[in-house]
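Shown below, as structure tokens, is a lone chain in the form predicted alone; questions about how it binds or moves come after it.
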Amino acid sequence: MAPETPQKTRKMPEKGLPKNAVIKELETKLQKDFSYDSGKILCSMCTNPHSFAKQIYRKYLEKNLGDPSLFPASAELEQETVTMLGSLLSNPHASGSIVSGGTEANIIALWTARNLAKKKLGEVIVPVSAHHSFDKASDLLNLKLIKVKLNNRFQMDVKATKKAITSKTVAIVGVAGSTGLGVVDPIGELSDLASTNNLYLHVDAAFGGFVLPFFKELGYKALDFDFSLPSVCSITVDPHKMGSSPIPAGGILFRDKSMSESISMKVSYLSGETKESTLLGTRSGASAVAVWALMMHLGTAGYSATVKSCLDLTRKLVKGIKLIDGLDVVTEPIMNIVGIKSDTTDVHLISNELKKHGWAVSLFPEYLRVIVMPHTKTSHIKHFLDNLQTILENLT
């Protein structure tokens, strides 16, 4: 086994450094980080937050949703934000919280499902395409994760899901915007399965929650995935992804407040009848306020325009990929996530060459993944396709 690289140590200076010196050192150290403004980040589901949201976030950094008795107005804004998110997802009466992100939201959802089911050694059925946060959740909650195969459209296979249901099943999880390809599972059929078997259905729409609601008005086929389906109990949606809000800003929404009561805990040291239904105690009020402000500022029209721009660019990217000999898409993209495969060249080699050109793309075993986010411009897509063309010509 190779020896570990010794960790660099640093002590806090006894006498503080001047602000300018600290800023200069930070700027030097952070030069290694990628920048969204460069347009070369094509692997991230996050983006450069909207300038207005950043302004609001900075202004209210001291707000703590973990102590609503001190920040009652911030707590009210959080609930207004949840209501707006619920309305976007077909349930203006939804309950929930603004949390740190999709991982926390998914853990909370399975925590709720486990407590409601009251089954020992429970099982949760997920597609093999589910986010790794469900592995974390199952480990933390002592739940067994049952992973089922995908169909030929890269969706959760409904027949396999039905076979996987046992007396120990506490929940089914469907994904509305898979991490790898942005695929939407057949949530309507999963809802029927959940109803027939009296099971909790959670939908991970961390990415798709700010994309899919705008499909109909943009002329795309509307997909059933949200609270309009009767058996959907909870939904994860991340404003810090396609919602363009500052990190951390995830969302966990429940069909009604009674569901989250199963994980609600009274906090004895806080004044009033304070209860928590989240993992974190101290929570950023600035995140919730920033999401509220941005949703109020952009409105559905603003978000719809952002989604349209990303989907239009995605179509240009797909068209360009298909014009390059040896390349194709894994499947026609549903959202602004594209899988790129090659029948002539190892995608690992293509990925390595793209890195040399400064591009950040995701490498999966059989394909490359590119995500077209709000920070991506037409010039970035053209530059990327030009580099990709040159790389393929040199490698084949």
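Since this is a predicted model, take the numbers as computed values, not measurements. For every residue, the number given is its place in the sequence shown, counted from 1.
Keep in mind that the form predicted in complex with a small molecule is missing from the display, and what follows is about it.
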Item to complete: Spell it out for me: taking the small molecule in the model of the complex, does every residue among Cys46, Asn106 and Gly177 have a heavy atom no farther than 4.5 Å from it?
Response: yes
Discussion item. Please determine whether Ser74 contacts the small molecule in the model of the complex, using a 4.5 Å cut-off between heavy atoms.
Written reply: no
Worksheet item: Are any of the heavy atoms in Glu78 no more than 4.5 Å from a heavy atom of the small molecule in the model of the complex?
Response: no
Item to complete: Determine whether any heavy atom of Gly122 comes within 4.5 Å of a heavy atom of the small molecule in the model of the complex, and answer yes or no.
Response: no
Worksheet item: Could you tell me if Leu190 has a non-hydrogen atom within 4.5 Å of the small molecule in the model of the complex?
Response: no
Worksheet item: Which one of these stretches, 321-329, 216-224, 125-133, 165-173, sits within 4.5 Å of the small molecule in the model of the complex when only heavy atoms are counted?
Response: 125-133
Item to complete: Have a look at Gly86, Pro186, Gly101, Pro246 for me and say which one sits with a heavy atom within 4.5 Å of the small molecule in the model of the complex.
Response: Gly101
Item to complete: Name the single residue among Leu317, Val289, Ala206, Val232 that comes within 4.5 Å of the small molecule in the model of the complex, judging by heavy atoms.
Response: Ala206
